[in-house]
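In structure tokens, one chain follows: the form predicted alone.
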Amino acid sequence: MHSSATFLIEFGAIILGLGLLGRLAGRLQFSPIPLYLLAGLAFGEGGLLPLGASEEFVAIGAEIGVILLLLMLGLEYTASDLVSNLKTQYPAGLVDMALNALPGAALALLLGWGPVAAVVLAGVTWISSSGVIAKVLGDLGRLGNRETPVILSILVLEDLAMAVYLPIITALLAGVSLAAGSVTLAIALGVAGLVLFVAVRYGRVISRFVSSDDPEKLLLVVLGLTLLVAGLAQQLQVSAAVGAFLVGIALSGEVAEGAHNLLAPLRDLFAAVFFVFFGLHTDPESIPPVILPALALAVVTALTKIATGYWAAHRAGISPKGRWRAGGTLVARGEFSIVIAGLAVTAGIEPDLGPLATAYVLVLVVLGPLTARYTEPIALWLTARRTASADTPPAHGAVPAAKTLEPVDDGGVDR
């Protein structure tokens, strides 16, 4: 009885605290993710008030949080959207992967963490935060801007890449052989391809089967199906998160919209629990030794994300202003960086990886909304200063430089 009462007190305090932190973040108009991580640090190993009775339940809630995050992500897209983006925007996806995954992998190798940790940290630095970016676009009133489809296309490709990346990480962390890992990857690709094919051809049939006018029945069927598929995927070492993502893709139309509305509060609750759980397993004293590498990595990958967005928007014919806005918007990292790092922390491959990922995400989840707002004006100001400096007449007595032919600006759109 005593342990039950302790559990209720601890878990109730966690949920109440998360609610208050969420309200505070809302008033300050930034993502609550850093506050949730800090709460986990405060109540975890080496924190102010370590938890005991509720830790096992929090761990289960964290797993459900990851599953719901990926399910809701899948519900955002239809299979045809994913196929279309894959066909038309894959060069931007490849540039995104090269510019943003390589810095993380390089740092892990420089720190002597080994190839598995390098692959994990590559994923942490590669994937932008879809949740934070979607909120920033809405808050800044940019959902109708010309560069927004470019931003969303990159996010879609990153999310689709997770269906391949997560099974690879799962196999590497499990320490399976090359042959077994190849089989796992083949299964994951086969299942993902099959789900996309079935969703494109028979999406309406699946949605009709799941559909219900009763919100309670719809919630139970979708949630039960998701947990079942996630469990089967985990059993096959494909990753429970990928299984949930594929369930979301398979649902479409009114069913997807209804499920999204019903599951959104559950997603927010368990996702918050997940971030707390990650913080619980990070000792605050382990962060200061890795803060400088985390800051350096944050600066480098913020610049590479800006370069990615600029290049992708330029390729789509967007004006320079829109290119800078696209680049600045993509900087934020968040939920999926923590999901990837969480897999490695659970596997125990490198003690410093969790603290570094925590510090890295804390920096960029706060910096991301600022770069989204200010990258464009800062870039234009610097460009104007450079132009003004170039146009300044030479000092008295100086020999003017020879003139060169400049291309004529016809006022058309960027090509």
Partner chain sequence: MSATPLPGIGVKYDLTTREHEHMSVIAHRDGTRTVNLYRSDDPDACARSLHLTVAESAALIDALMPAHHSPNLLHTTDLGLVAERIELAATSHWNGRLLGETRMRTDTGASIVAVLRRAEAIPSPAPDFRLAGGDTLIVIGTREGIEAAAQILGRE
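Positions refer to the first chain, counted from 1. The structure presented is a predicted model; accordingly, all values stated were derived computationally and were not measured.
Unshown form predicted in complex with the partner chain; subsequent notes refer to it.
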Could you confirm whether Leu121 comes within 4.5 Å of the partner chain in the predicted complex, counting heavy atoms only? no
Does any part of Leu143 reach within 4.5 Å of the partner chain in the predicted complex? Heavy atoms only, please. yes
Taking 4.5 angstroms as the cut-off for heavy atoms, does Glu257 touch the partner chain in the predicted complex? yes
Does at least one non-hydrogen atom of Ala171 fall within 4.5 angstroms of the partner chain in the predicted complex? no
Which of 269 to 277, 341 to 349, 152 to 160, 227 to 235 lines the interface with the partner chain in the predicted complex (heavy atom within 4.5 Å): 152 to 160
The one option of Arg315, Arg204, Lys321, His281 with any heavy atom within 4.5 Å of the partner chain in the predicted complex is Lys321
Note which of Tyr165, Tyr77, Trp113, Trp311 lies within 4.5 Å of the partner chain in the predicted complex, where distance is taken over heavy atoms; exactly one does. Tyr77
